[in-house]
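Take a look at this single chain, the form predicted on its own, given in structure tokens.
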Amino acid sequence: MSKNYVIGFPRIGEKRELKKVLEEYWAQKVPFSEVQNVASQLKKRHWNYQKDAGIEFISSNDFSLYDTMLDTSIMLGAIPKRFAHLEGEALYFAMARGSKDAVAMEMTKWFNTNYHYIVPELSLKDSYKLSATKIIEEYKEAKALGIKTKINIIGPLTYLGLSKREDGGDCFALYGRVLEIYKELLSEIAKLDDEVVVQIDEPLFVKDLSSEVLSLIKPSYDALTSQASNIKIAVVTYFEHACEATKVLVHTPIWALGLDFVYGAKNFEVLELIAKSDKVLLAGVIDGRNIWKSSYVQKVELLEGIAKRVPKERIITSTTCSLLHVPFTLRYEEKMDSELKSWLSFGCEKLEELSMVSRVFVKGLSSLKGEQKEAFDTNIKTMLARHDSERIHDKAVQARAKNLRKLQRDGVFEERIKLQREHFGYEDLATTTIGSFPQTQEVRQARRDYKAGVLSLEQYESEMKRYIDYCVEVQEECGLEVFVHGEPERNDMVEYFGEQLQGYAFSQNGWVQSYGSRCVKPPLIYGDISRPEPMTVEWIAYAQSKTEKIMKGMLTGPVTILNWSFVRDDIPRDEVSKQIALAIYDEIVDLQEAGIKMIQVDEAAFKEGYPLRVANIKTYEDWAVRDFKIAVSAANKETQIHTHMCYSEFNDIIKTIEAMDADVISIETARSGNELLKIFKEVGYKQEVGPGVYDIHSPRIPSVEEMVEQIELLLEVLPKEQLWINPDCGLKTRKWEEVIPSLKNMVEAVRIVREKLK
């Protein structure tokens, strides 16, 4: 068997089986035992897929019912006290989703991906206790099927580095206590078999580490490797280079080190150090984050380049990261254009790529016979065909982007906001929502029926307009001041736009887990981008015709469209972003001509595109700000530009947000109080801000009193003239029976606060 290694595997299921059973359980339609049954079936299937593909190192404990960081908190016994009265699945899901009595734990992006993890909440009062049942049982479950797995766990330093303390202190103050639990865990794992490989994920090591964290690496891995002689520890990093940590890890007794050679090319600089040690190198060359087919020739050449520095017998070919970040399989893509499909590789197909590349690297091209040799030759032809395909290149788009003069909005903010306030006449603490309203089963069915040809265009538009009418009625009833049309026509805030842009393609079943049961189906950018026709004007103009209130136009920004798509890998990302910005520019021109003068350009994923290394940040910020400003530069002074950002720590990017020059920014703050807002005050931020006053990721309905308190906290930081009041994010995933009372409570809370302020 060729030496190969998969860092982790998708868990949601090829037909989103886990999503469906979880949501049935949360809706009290099935017992928890049914969730367990489906989970068991999925794990078995996923292990066998990898085994059948010829994968040598297959994971257990990469499966989770919600999130592996949450699983790690449960393993450690790091339970916030508001959940201490719960146990079992009630405790687990309350921590993730909240309960009637307790708000959910904070959720944020996993490094620079679109996956979200549950942020651990730690306290100096914590007393940790090992709960290793899940880890132990999954290993035994696989072994009973005849599959000996490696065990995946989140590393102690990454866990602490991504946690927060309830008092705002340093989480590494808990290092000693946490490390003891990890040592105890490894002692339990050692009892499972004569030899066990434990993969310890330390993606924190690809960031710019403080001297404190660097100083903890050696004592941590000296201690963990000393727990049992039959455990082989592989420390795995991904998404960037880990040179500083590698220089330390080669002097610890770990067995292997995983490095990413697709997104961390600088890892080549430490190969000589690895060569001088006795460490095995898990060489991440099969891209776990993008969906383009690997060139077998190029991947083998990359491995051969690595082998010039590290002995070949100590190299194991690996994925760059977990395959969690790509769709499950191309198997169900029955409608996709055959040429485009031939360029793609999803999770299961990456297993085949890994198997092929590792075989050729270890045994040589002459080892391929029959179908294997034919597959290798076909791959070469496919790579050439994609490179030369005319459908990728649009000379007019390329020329427009190349010859673009610098675009900038007219007027400074102070001048614009004066004109806008006169034009719109909204009050201080103006109420609105972020954009979407619940996507009901009826709305989703109407979209499916239209795509399937069951509904005519006329019938489909009638259904969508009926829903928009209802959204307008609800907002009138709730007393909101600035309306949205509800977005019933949109399956996803990126996919909807991609469907109307040239250079985009779509999958039927390319779902990727975002958090918990939430999945997204990212579009595929394969060629040059342009906008043939208006994308939103008809719907927004119709909604505005149904009310005298202000109707916001709703667009997704260029950087978010880029960051939430699978992006072509044959030109730089910033070139793709500029092309998208020009398409959004064209849409704003048409919205203004239709009379829409308040337009929200969401940059929900602006922060997640940030490079993980400080040295690379300025380059990203320069072109990301450039492209947002290109997109909105069509707006007149009287047109108010809003934007929205998700899950962001703004301390490090507040000046960049200022440079974007939006008139209003809405942000998610409900799970973090007014802490995020303080940075806006500290820097003297002038533009208007809409901090979320309730958490839309939890099904609970916040009371009027809660939101009054939240608004008053906001007023401690910023003046009423600068504040808008809105939910944390879009309401697409919620139910109407949650949304309507929550919005009514929000409007009533604003009324109470306004009365107090008078």
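Quantities reported herein were computed from a predicted structural model and do not represent experimental measurements. If you superpose the two forms and keep the largest set of C-alpha atoms that fall within 1.5 Å, you have the rigid core. Start at 1 and count along the sequence shown; that's the residue number.
Keep in mind the form predicted in complex with a small molecule is missing from the figure; the text below concerns it.
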From the candidate stretches 187 to 195, 509 to 517, 601 to 609, 370 to 378, select the single one in contact with the small molecule in the predicted bound form, where contact means a heavy atom within 4.5 Å. 601 to 609
Note: exactly one of I667, V280, I231, I434 sits with a heavy atom within 4.5 Å of the small molecule in the predicted bound form, namely I434
Interface residue in the predicted bound form among K51, R700, K732, K720, criterion: non-hydrogen atom within 4.5 angstroms of the small molecule: K732
Closest heavy atom of A104 to the small molecule in the predicted bound form, within 4.5 Å or not? no
Spell out, yes or no, whether the shortest heavy atom distance between V559 and the small molecule in the predicted bound form is within 4.5 Å. no
With a 4.5 Å heavy atom cut-off, would you call H325 a contact of the small molecule in the predicted bound form? no
Is H642 close enough to touch the small molecule in the predicted bound form, meaning at least one heavy atom pair within 4.5 Å? no
Using the core for the fit, does the CA position of S73 change by 2 Å or more between the shown form and the other one? no
C-alpha of Q439 off by 2 Å or more between the shown form and the other one on rigid core: yes
Is D602 among the residues whose Cα moves by 2 Å or more between the shown form and the other one after superposition of the rigid core? yes
